[in-house]
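So this first bit is one chain, no partners, the form predicted on its own, shown in structure tokens.
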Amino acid sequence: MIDEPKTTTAPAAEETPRYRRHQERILKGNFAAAEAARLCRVGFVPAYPITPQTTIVERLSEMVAGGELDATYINMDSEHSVFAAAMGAALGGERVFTATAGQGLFYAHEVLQAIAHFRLPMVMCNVGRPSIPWNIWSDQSDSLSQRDAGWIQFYGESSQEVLDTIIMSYLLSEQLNIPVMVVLDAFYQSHTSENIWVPDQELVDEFLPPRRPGAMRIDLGHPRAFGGLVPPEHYYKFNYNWWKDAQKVEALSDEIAGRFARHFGRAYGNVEAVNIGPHTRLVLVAVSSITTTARGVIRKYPDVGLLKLRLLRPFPKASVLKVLESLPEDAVLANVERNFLGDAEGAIQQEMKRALYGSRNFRMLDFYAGVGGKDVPPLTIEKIIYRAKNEPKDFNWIDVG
């Protein structure tokens, strides 16, 4: 039996809650993801267990069995089958949610491509873990290896951010008909309890309307075939139309986040800048839970800033350039990687170089830290700052010994 989510004592009558029409709870990140799916009134949940995401789908199973969630829940025989079922349900007009991790995501690669190119809206959570050698701890190599599968990718720093991002992601996905992957770090987020503000159902309903089926849908009154052979001239148009809509993601994501902030009281951006300006000489670039550690460390360094990447695919080039426009030309960017993709450069460095090409010519240093779930405590961030300032090398592995 999985741990029951806990509710804190209600505030005294004279106290003013931080967020109106919310309940403060103590939840693990996986439970926060399940709560978000419930609040979004998902109608279909195909599931296959894989550590460390299993408690997401277990919790959703309990919700369905207990009448908390009016949805069809199906145990599948593999992650390939999970996403095949998700594709069918989305074609049928359902709001779909599922979760996976590591090898499960790799196994589903073929169907991930199909879902994206069929232009089917849905949201999934990936609890990041690596592949071989066999490992279940935190790593972003699995999701980052799927950058080209056609899914929008968000990375949450906290469990609150994961819950909120799932709600925003359904609105984004259903407006553009592009699927969304919300990524959280294994164990640091998935199995760690945090104080979470869970919005009331009515508040979410006001923000997220019921799903309206798009053009790619099963309509018994107008039968059509899906998945047939597409000749080059039509395949070209499919990709061109997807490309046009993918260009809208960055701006629409910001717009939806603004609406979310006004409605729920919590603000998010595609990126976040901390202490970045003309005085900054070094900028750490990070995603997910490493960002939280870096926030604390850089308080001691007035010349060190932090760039947090929340939207990673499509890469938020305009947002990044805007944040960095005040940096002096001799500033250095230190990209912190919790991934290894078989190249000299990690995924963050690759994306940052691509975004800045032809605009700014900052020196970039790549730092591998936390790969395979190795802890990234404040001391590791201190080492990154020291090396970047005193022993700059293009590629760096921290705490290998």
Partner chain sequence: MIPVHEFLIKDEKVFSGALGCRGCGWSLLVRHLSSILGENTVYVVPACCFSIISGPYPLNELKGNIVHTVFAAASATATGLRASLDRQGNKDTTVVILAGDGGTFDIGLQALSGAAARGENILYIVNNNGAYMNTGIQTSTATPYGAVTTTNPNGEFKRTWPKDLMGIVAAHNLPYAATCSLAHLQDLRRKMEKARDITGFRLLMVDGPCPPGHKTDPALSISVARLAVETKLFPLFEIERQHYTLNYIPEKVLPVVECLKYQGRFKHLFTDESSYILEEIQEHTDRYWQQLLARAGMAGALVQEAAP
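Residue numbers count along the first chain shown, from 1. Treat the numbers as computed from the prediction; the structure is a model and nothing was measured.
Another form, the form predicted together with the partner chain, is not on view; read the next lines as being about it.
- Proximity of Phe154, Leu163 and Leu208 to the partner chain in the predicted complex is absent: no residue of the three has a non-hydrogen atom within 4.5 angstroms.
- Distance criterion of 4.5 Å from any heavy atom to the partner chain in the predicted complex singles out Asp219 from the list Asp303, Glu255, Asp245, Asp219.
- With the partner removed from view, the residue among Glu194, Asp200, Glu325, Glu110 that has a non-hydrogen atom within 4.5 Å of the partner chain in the predicted complex turns out to be Glu110.
- Heavy atoms within 4.5 Å of the partner chain in the predicted complex belong, among the stretches 55 to 63, 42 to 50, 358 to 366, 333 to 341, to residues of 42 to 50.
- Proximity of His80 to the partner chain in the predicted complex: non-hydrogen atoms within 4.5 Å are present.
- Shown alone here, Gly93 lies within 4.5 Å of the partner chain in the predicted complex, counting heavy atoms only.
- Though the partner is left out of this view, Phe118 does reach within 4.5 Å of the partner chain in the predicted complex, counting heavy atoms only.
- Under a 4.5 angstroms non-hydrogen atom cutoff, the partner chain in the predicted complex lacks Val320 among its neighbouring residues.
- Taking the partner chain as it sits in the predicted complex, the stretch 46 to 78 comes within 4.5 angstroms of it through a non-hydrogen atom at Asp70, Ala71, Thr72, Ile74, Asn75, Met76, Asp77, Ser78.
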